[in-house]
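Taking the form predicted on its own, here's one chain by itself in structure tokens.
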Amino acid sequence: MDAQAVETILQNHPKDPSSIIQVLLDIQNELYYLPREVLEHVSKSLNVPLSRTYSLATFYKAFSLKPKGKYPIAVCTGTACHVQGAVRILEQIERELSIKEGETTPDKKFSVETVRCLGCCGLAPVVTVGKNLHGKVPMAKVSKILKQY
């Protein structure tokens, strides 16, 4: 945990319980997850019960209690992407990074997950890396996409 980064984030927000979601978002963006000790510290600093902080951290998809990579990879497995080979794309990514879905690389650079739909079925199969969307991804292009990051 980067205690100084967490303190800086807390200092940039009002010491008020209403700022908790923004504080957690900023910490998530900095650390790529919310460690338990950080949740405890935020709760104490903002005078919010730990149960409330934990509830928010587990409710919203934007938060993770497990370490995520700097570049989260999402492979769409919705119907259109599935039909166009999304499972093979996911398997190729897992092989290249030596991790499985739901895991993070040891260097914390990448994490991999599947999503049910990204809303761009005409571009199937679709993969996002961070905020970048890659459409009509052929197996041969997986390595090239990963090397960009």
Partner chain sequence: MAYRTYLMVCAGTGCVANQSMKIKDKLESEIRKRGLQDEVSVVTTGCNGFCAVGPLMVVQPDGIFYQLLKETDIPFLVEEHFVKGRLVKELLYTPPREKAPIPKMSDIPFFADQTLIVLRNRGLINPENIDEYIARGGYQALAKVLTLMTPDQVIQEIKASGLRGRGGGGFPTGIKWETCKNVPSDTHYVICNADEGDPGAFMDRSTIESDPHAVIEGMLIGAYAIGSREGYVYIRNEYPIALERLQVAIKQAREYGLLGQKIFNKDFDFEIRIVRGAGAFVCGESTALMASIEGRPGEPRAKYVHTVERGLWDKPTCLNNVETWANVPQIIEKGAGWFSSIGTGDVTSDAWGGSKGTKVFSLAGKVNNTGLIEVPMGITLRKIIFDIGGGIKDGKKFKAVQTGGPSGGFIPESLLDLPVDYEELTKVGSMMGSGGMVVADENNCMVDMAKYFLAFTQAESCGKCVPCREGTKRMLDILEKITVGKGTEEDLVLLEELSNMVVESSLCALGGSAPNPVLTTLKYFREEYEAHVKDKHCPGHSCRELIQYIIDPELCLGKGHGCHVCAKNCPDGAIVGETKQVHTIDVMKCGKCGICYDVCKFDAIHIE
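Fair warning: this is a prediction, and the values are worked out from it, not measured in the lab. Under this definition, the rigid core comprises the largest set of C-alpha atoms superposing within 1.5 Å between the forms. Residue numbers count along the first chain shown, from 1.
What comes next is about the form predicted in complex with the partner chain, which does not appear here.
K.L.:
Which one, 65-73, 102-110, 35-43, 82-90, holds residues whose non-hydrogen atoms are within 4.5 Å of the partner chain in the model of the complex?
P.N.:
Only one stretch passes the 4.5 Å heavy-atom test: 82-90.
K.L.:
Check whether Q11 has any heavy atom within 4.5 Å of a heavy atom of the partner chain in the model of the complex, and answer yes or no.
P.N.:
No, Q11 is distant from the partner.
K.L.:
Is N29 near the partner chain? Define near as a heavy atom within 4.5 Å, in the model of the complex.
P.N.:
Yes, N29 sits close enough to the partner chain in the model of the complex that at least one of its heavy atoms falls within 4.5 Å.
K.L.:
Contact between L97 and the partner chain in the model of the complex at 4.5 Å, heavy atoms?
P.N.:
Close contact is absent here: in the model of the complex, L97 is far from the partner chain, nothing within 4.5 Å, heavy atoms only.
K.L.:
Considering non-hydrogen atoms and a 4.5 Å limit, does the partner chain approach L50 in the model of the complex?
P.N.:
Residue-level check for L50: no, no contact with the partner chain.
K.L.:
Can you list, in sequence order, the residues from 53-70 that come within 4.5 Å of the partner chain in the model of the complex, counting heavy atoms only?
P.N.:
Stretch hits, in order: S55, L56, F59, Y60, K61, A62, F63.
K.L.:
Once you line up the core, how about A57: does its CA shift reach 2 Å between the shown form and the other one?
P.N.:
Yes; that C-alpha moves by at least 2 Å between the shown form and the other one.
K.L.:
Under a superposition restricted to the rigid core, does K141 display a Cα displacement of 2 angstroms or more between the shown form and the other one?
P.N.:
Moves: no, less than 2 Å.
K.L.:
With a change of at least 3 Å, which way does the C-alpha separation between L25 and C117 go in the model of the complex: closer or farther?
P.N.:
Here the pair is farther apart than in the model of the complex; there, closer.
K.L.:
Closer or farther: how do the Cα atoms of Q22 and K70 compare in the model of the complex relative to this form, given a change of at least 3 Å?
P.N.:
Those two alpha carbons end up farther apart in the model of the complex.
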